[in-house]
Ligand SMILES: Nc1ncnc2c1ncn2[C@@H]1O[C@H](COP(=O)(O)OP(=O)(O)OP(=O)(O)O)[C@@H](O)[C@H]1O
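Below sits a lone chain in structure tokens, taken as the form predicted on its own.
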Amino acid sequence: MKNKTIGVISIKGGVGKTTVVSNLGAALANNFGKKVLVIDANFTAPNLGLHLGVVKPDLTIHDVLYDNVPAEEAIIKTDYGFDLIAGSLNPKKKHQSRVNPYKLHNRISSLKKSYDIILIDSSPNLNDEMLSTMIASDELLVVSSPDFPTLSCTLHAVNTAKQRKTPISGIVLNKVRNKRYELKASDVEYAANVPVVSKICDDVRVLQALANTTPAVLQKPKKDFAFEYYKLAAKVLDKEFDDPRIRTKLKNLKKLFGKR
């Protein structure tokens, strides 16, 4: 597998995009032994650092974009097996001006040789910030939840990415409760013409982990949502994931023998 940069986007707040970035990064690093960097590219309202307990970073993506330091100097070693370039929660006035959408790509391209995977947490707004992520990424993951208002925003994100000709590797359907009123993965795939590559169940333990500023897959590695992140990480790496759980193996046997 070649090194690649993956942008994680959505055009609706509250779908769990940043949670997906932190947990996918943790799964890639800790379960697959990959060298991973996560970057907060939500320049206006960054919060990836907060998810990981980094409140006041000395150097941020803002410093990188405004040529105060090279990207290498803004890298933070986390306790979770992967590295981080955080955003500034209180950027200086000069950092609040419009950013050239091509600059992120130019400033982080030198990092690609040092990491197997770079994950970019995009702004949830359809503006130059999201465009920065699209330009800087080799491929995109679109995060959605299984409801009609979010699907509408998801379709907008997908169409924008297609117009930019940035490949979309799939949709991550997050906060799934398996209720009858929810959209099915097949409905989302049909509407977007993009495969759903992961269905991550809603679980209060994800919020508990967030309160502890720890990726949930590290705090609760045996829960169903954690295994969905392992499967997603395997797909990102173009690998097969062998789920070791007995119930999964029984389901696979039933499918093999045509039983329900």
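When you see a residue number, it is the position in the sequence shown, counting from 1. This is a predicted model, so every value here is computed, not measured.
Absent from the display: the form predicted in complex with this ligand. The rest refers to it.
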- Tell me the stretch among 64 to 72, 25 to 33, 206 to 214, 230 to 238 that has any heavy atom within 4.5 angstroms of this ligand in the predicted complex. 206 to 214
- in the predicted complex, which of the listed residues (81, 91, 170, 124) lies with a heavy atom within 4.5 Å of this ligand? 124
- Verify the contact flag for residue 132: yes if a non-hydrogen atom of it lies within 4.5 Å of a non-hydrogen atom of this ligand in the predicted complex, no if not. no
- Proximity of residue 200 to this ligand in the predicted complex, heavy atoms at 4.5 Å: yes
- Does any heavy atom of residue 174 come within 4.5 Å of a heavy atom of this ligand in the predicted complex? yes
- Message: Would you classify residue 244 as touching this ligand in the predicted complex, given a 4.5 Å non-hydrogen atom cut-off?
- Response: no
- Has each of 155, 160 and 164 got a heavy atom lying within 4.5 angstroms of this ligand in the predicted complex? no
- Sequence-ordered residues of 6 to 20 touching this ligand in the predicted complex, heavy atom within 4.5 Å: 12, 13, 14, 15, 16, 17, 18, 19
